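The chain below stands alone and is given as structure tokens, in the form predicted alone.
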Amino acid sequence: MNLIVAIKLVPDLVEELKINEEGNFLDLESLRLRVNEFDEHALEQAILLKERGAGRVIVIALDGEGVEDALFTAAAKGADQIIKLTGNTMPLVSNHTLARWLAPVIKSLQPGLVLTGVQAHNDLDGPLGPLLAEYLNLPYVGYVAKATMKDGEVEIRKEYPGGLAAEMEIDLPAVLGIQAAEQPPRYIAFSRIRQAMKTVQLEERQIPDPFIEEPIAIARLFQPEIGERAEIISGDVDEIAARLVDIFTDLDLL
């Protein structure tokens, strides 16, 4: 069985984010990208399934800066096949477009199970998993924290807000949005990544459908504006209390 993992690169929030001169997007020249955190958990879950005999892991990602490093890292972790989708790509493409590009390639790989991260912090138009499921005409379950293969089905643990969880059995093939793998994504030494670069073949495939859906238009992007109404109140308890009453009264809060 083929376990397909779709990964994407997103802005690294550890780095300072700079805004372009037009003020409507991030400055792509200064932007550092990293694999979406939830996608790393999706890959880890797929590798765990492989280690239990579920099948082989295929990782696919859209071409762009840093993508080859991400794919070879996936190979070093245990992926059996890595695919870079090339063509008229653009940075931080919308998920609707990305799903439309990925779906025909994933379908050609005859997937038994497709895993994606449940969400990404740069998404403005919905998570990738349900969009892929729509194009592939497959069932989708999100917020998955555990998955086990059993007799043509996948048993999953789905989490809900408030600490609730449900166990389900889903007929295969299916698409899962992984919130957390059963264990933290494994660490791989750089020496193993370099070895993968020498021994693992990076497959390139052309985007089968060059259609690009219009992204959501950003009218303005800006740093939070610093407030100018901060006031430090000093004095004894009675003086501070009296001043607070005055402030709340002026704001019509009393």
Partner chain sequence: MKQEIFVLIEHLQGRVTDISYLMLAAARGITEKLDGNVVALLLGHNQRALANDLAADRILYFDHPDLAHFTPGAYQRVIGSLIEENKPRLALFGDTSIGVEVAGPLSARLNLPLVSYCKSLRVENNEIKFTSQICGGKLMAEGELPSPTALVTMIPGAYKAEQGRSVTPGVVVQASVPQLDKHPVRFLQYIEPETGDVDITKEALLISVGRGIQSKDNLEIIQELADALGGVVCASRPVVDQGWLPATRLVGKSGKRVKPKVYLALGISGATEHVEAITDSEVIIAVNTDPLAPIFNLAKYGATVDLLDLVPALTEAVKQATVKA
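Rigid core (definition): largest C-alpha set, two forms, superposition within 1.5 Å. Because the structure is predicted, anything quoted here is derived from the model rather than measured. Residue numbers count along the first chain shown, from 1.
The protein also exists as the form predicted in complex with its partner chain; that form is not presented, and the subsequent description refers to it.
K.L.:
Please name which of the stretches 202 to 210, 218 to 226, 63 to 71, 48 to 56 has residues with heavy atoms lying within 4.5 Å of its partner chain in the predicted bound form.
P.N.:
Of the stretches listed, the one contacting the partner is 218 to 226.
K.L.:
Have a look at Leu113, Leu98, Ala147, Leu131 for me and say which one sits with a heavy atom within 4.5 Å of its partner chain in the predicted bound form.
P.N.:
If I apply the 4.5 Å criterion carefully, the residue I get is Leu131.
K.L.:
Within 4.5 Å, heavy atoms only, which of Val105, Ala120, Ala76, Ile83 is in contact with its partner chain in the predicted bound form?
P.N.:
None of the other options qualify; the answer is Ala120.
K.L.:
Would Leu109 sit within 4.5 Å of its partner chain in the predicted bound form, counting heavy atoms only?
P.N.:
Taking the distances in the predicted bound form, the answer for Leu109 is no, it never comes within 4.5 Å of its partner chain.
K.L.:
Answer with yes or no whether Gly87 is in contact with its partner chain in the predicted bound form, where contact means some heavy atom within 4.5 Å.
P.N.:
It does not: once its partner chain is placed as it appears in the predicted bound form, Gly87 has no heavy atom within 4.5 Å of it.
K.L.:
Using a 4.5 angstroms cut-off on non-hydrogen atoms, would Glu22 count as touching its partner chain in the predicted bound form?
P.N.:
Because no heavy atom of Glu22 falls inside 4.5 Å of its partner chain in the predicted bound form, the answer is no.
K.L.:
Would Val93 show up as a contact with its partner chain in the predicted bound form if we use heavy atoms at 4.5 Å?
P.N.:
Because no heavy atom of Val93 falls inside 4.5 Å of its partner chain in the predicted bound form, the answer is no.
K.L.:
Which of the residues spanning 233 to 252 lie within 4.5 Å of its partner chain in the predicted bound form, based on heavy atoms?
P.N.:
Those in contact are Ile233, Val237, Asp238, Ile240, Ala241, Arg243, Leu244, Val245, Ile247, Phe248, Leu251, Asp252.
K.L.:
By the 2 angstroms cut-off, has the C-alpha of Val14 moved between this form and the one not shown once the rigid core is superposed?
P.N.:
No, the C-alpha moves less than 2 Å.
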